[in-house]
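Okay, here we've got a single chain as structure tokens, the form predicted on its own, with questions on binding and movement later.
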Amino acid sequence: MNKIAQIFQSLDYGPAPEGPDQAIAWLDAHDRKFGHFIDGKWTKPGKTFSSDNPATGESLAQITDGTAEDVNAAVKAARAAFKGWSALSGYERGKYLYAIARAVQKHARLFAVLETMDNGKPIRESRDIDIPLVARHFYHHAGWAQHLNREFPDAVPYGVCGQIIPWNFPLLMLAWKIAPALAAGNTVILKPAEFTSLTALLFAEICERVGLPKGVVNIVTGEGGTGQAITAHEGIDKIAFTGSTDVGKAIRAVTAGSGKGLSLELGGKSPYIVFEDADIDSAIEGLIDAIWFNQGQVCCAGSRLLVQESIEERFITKLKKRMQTLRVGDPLDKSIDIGAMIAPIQVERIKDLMKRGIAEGAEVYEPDGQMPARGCFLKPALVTNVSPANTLVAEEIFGPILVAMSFRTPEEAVQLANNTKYGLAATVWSENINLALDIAPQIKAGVVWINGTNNFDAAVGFGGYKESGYGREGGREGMSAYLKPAWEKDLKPAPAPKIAAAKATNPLDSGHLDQTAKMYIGGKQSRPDSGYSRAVYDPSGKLVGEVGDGNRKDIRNAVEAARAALGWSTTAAHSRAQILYFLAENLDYRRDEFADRIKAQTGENGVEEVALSVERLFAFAGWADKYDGAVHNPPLRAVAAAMVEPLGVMGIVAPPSRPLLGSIALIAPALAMGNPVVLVPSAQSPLSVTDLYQVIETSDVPKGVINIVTGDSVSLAKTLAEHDGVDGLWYAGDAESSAMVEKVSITNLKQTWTSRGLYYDLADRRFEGDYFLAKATQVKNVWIPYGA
């Protein structure tokens, strides 16, 4: 039998090596030693560390470990460049982005080879996926630059952006961050991962060659200390980070109270759900891509296989057979499926996790085949016989390890899929499009792929829920992440609340029957757990009423009631609008009573405030069925439906001023978007909100959708921030307590908005639009393929 006939019979692949000569020549041209790229110039190398080829263990180059002084220099350069760069027209900025895209395409093979040598991923992936997407992002955002003023009126760039990227997609993550930042008019300091800095340095040369103004892009290499210097630097206006959840939490803590913009794209443990009616062969091919793409070193890797019990045995048998054909070896070989892990430390971490999982009862299958004699390689593995509590099911492995479980019903599939602290991505396989589109909205993840996986495009947002972070990259929402309202720069410090000096009285004396207002939890009035009450005084110090003094248990009860009411999010938007209209109508019926109550507490005429509160409820009733998403058209046979979804349970701590409007203006947008709320009204003047109980009860508001806990704003805000059952938290208060709220909220990375001691005039009509609507929602992109 001749050789060709043998190949057709065996289907074996011969080697197809990619030449590294040009990449080696580029490295040699730099004497394999690099400084930083700051202010359009290259610095002399300082203290260095080695960047190694993970497939061979050989050193590729020496990389400078950036210091605080290097970061200072980069911030200074970026700040100096910001005025000129942001002043350019969008057309002029777009031309630079277009030139970068063309240059990336021109040198695509050099970028791809260098990426594979530095990272270990197969050349087919860097050549056919990563680099084309890099160019796509710069092309796409070149267009955004020109249309920015039209699409984002009254928005301005943050200023200087600090960006920190991981080692799994070194150049692609750079493009995801730099392209929108530059399009918006920001300047950047980017730190690539210490393991994979080389393509970022090659990109810096591209910036030189296209004539990008100096200081607009600065590349500072280094290890963890360099990243810490960037996140803590007072001269940086926004931080964008992609990496582990633990580091993301640390960055949230460091930036708390600083007023910096923050985008976090963190870890994941994404479910890959296969229903019994799925095209099994296609689902298996998709699964190969979902978990063994880039050796499983992907934050959105489909690492949890959930397969319907009726097809489990057949599916696993076919999967094992397909795994036998996977080729592990030299990443520069174009016939290789699985390349090298990033570094020995990652290999050891995965082996340790596997030992823990096996000790907990897991069974591991690995295909036959030889492994390369040197380098950081691992075989693909399938793990079965696990419970949801197994370490390998719960922890992000970040390697070529697939964990499989079964389910019986769609409801069970959703429960298993959401049984994780993460929420980055998910995949659903079913030939029943009704079933697939029913499941997708129920999964708590920022991206859901139907009958496909790992689809990415610059026009479609990407980002997570829960501990997978917040903010989006790509699409309109990714563009808006690098812009802020122009009016924020004019905010003034909030005036100190006027606290009346109480007249000395005996707390047991009372000239009237006790009418202490209770809490409102789960649709009914409730006494405070503490058993204590708080006196409410008018400006002269006269007692005008009492309310319950809420504590941690009251917040716990309110959060439980709100979580039981999460079905509010699936109530039709029209129905939510109707209820908000009812609230407004019933409040208006009692406008004189509420105006008198405001005057009794504050001494000010409350007529206007009541009218504004009614108007604000009307405004957000009108928004309830209008603030929605879009359908994106990426350049493949699919559409991506951007679904606007509520955050979940929201804690809202109202400002001390405007006792009625201060609460209504914040809860109305949250309710309109489908969030149940736990409201802490003004501590000084809470009676305007406790009077709302009857309005709520007569307006068809489902129980648990609005919960009210009175008491000390700061202590209750802290409890809400610490509670993992709270998904979002808005706090209006001083700078110190705002910083506390942001810092404490890292327990589950809940999304926060704080006033930071600044005066937000909630009577202003700018707050009856999308400012708070955007903060009450998150976008899920559902990819839906079409065509035969």
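Given the structure is predicted, the values throughout are model-derived calculations rather than measurements. From 1 onward, residues are counted along the sequence shown.
This next part talks about the form predicted in complex with a small molecule, which is not shown.
Using a 4.5 angstroms heavy atom cutoff to the small molecule in the model of the complex, none of Leu287, Ile316 and Met405 count as contacting. Between 210 to 218, 105 to 113, 529 to 537, 185 to 193, the stretch whose residues reach within 4.5 angstroms of the small molecule in the model of the complex through a non-hydrogen atom is 185 to 193.
With the partner removed from view, the residue among Gln346, Asn294, Asn390, Asn451 that has a non-hydrogen atom within 4.5 Å of the small molecule in the model of the complex turns out to be Gln346.
This chain is displayed alone, yet in the model of the complex one of Ala81, Ile164, Ala135, Ala638 has a heavy atom within 4.5 Å of the small molecule; that residue is Ile164. Contact annotation: Asn168 falls within 4.5 Å of the small molecule in the model of the complex, judged by heavy atom distances. A residue is said to contact a partner when one of its heavy atoms sits within 4.5 Å of a partner heavy atom; Ile251 meets this definition for the small molecule in the model of the complex. Taking the partner from the other structure, the small molecule in the model of the complex has no heavy atom within 4.5 Å of any heavy atom of Phe594. Using a 4.5 angstroms threshold between heavy atoms, Glu360 stays clear of the small molecule in the model of the complex.
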